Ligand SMILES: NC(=O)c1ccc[n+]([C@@H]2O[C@H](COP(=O)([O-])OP(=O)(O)OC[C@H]3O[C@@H](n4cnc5c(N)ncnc54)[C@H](O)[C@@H]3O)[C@@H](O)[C@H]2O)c1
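The chain below stands alone and is given as structure tokens, in the form predicted on its own.
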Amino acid sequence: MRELKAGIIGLGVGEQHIIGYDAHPHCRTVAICDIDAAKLAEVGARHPHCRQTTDPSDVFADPDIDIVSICSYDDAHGGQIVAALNAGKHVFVEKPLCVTRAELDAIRTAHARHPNLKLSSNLVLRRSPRFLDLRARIQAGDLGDLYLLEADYNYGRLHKLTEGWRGRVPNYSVMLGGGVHMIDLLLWLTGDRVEEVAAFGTGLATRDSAFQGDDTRIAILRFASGALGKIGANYPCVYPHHHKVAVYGTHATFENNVDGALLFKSRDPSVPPARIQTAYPGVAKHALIAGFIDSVLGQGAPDVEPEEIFACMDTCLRIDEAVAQSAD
């Protein structure tokens, strides 16, 4: 089995990708890229085996590179994915896949032209032991028929909007940047699809800052099964960073909150819920990379398949489009 070579673009969370690739016995990182020369030198000093460049085109053009990890700013993802696919590279990308519907269409077209290339995204909550446990319970019928699902991306990091790069990205979307995790989680947990969306946004918490977009967005979803969903992307909350989830079924209710996970099997207030002990989040940021490498080597499928990413992105974009319509 030959050794695959990886190149990483963007060295924030991208450094975790280096660790993920280098931990696999049949892959190693050979090139790293960041537009910030100081950041590139800092990370490069910790990984001296990697060639360094500030130009993403150098990574796409390198004939030795098999896999490109894209960890750049959100609004750069779409164009870089298309460039990597057209250069014959397998692509693993941080969320979101892209930020516009035109970019989503371009990615789908490029991938269709190169069906032999693997494409996946780092929707890492799928590997959280707690949510793997929840999915197994749903599939076993322990919760009965699902009728309402709630998932809140409580970021709790206001400074990321008011001081960091997110505040400098034109039309930065908290739903694409964070809520995407919760949308993918609900689609993956249920195997359902979204048929209808209504959504609203507000920027009240950041109105006196340089950030001028919505810092919070809420969406109501109707699934094909008839179940309802509520998705929240709440960046400025005075609350720990947390993925708050509630799944209501006809037999039981699951809740993941900051105090732990609970499974309610009775409406009687005197009957305590069961405490779910699985780890949360309990997953490294590079946890999906090993499976992606294996898929490139023909040893199975990636954790997140292209059509699953496209469905998730379509829902994200529909939410942002609904917010725009509600503001008109």
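Start at 1 and count along the sequence shown; that's the residue number. For clarity, every value in this text was computed on a predicted model and none was experimentally measured.
What comes next is about the form predicted in complex with the named molecule, which does not appear here.
For the candidate spot formed by D74, E94 and R166, every residue has a non-hydrogen atom within 4.5 angstroms of the named molecule in the model of the complex. Comparing 198-206, 103-111, 135-143, 77-85 against the named molecule in the model of the complex, the single stretch with non-hydrogen atoms within 4.5 angstroms of it is 77-85.
This chain is displayed alone, yet in the model of the complex one of A31, A290, I35, L263 has a heavy atom within 4.5 Å of the named molecule; that residue is I35. Contact annotation for K285: at least one heavy atom lies within 4.5 Å of the named molecule in the model of the complex. Interface membership of I9, defined by any non-hydrogen atom within 4.5 Å of the named molecule in the model of the complex, is confirmed. At a distance threshold of 4.5 angstroms between non-hydrogen atoms, H181 is in contact with the named molecule in the model of the complex.
The named molecule is not drawn, but in the model of the complex it has a heavy atom within 4.5 Å of P56.
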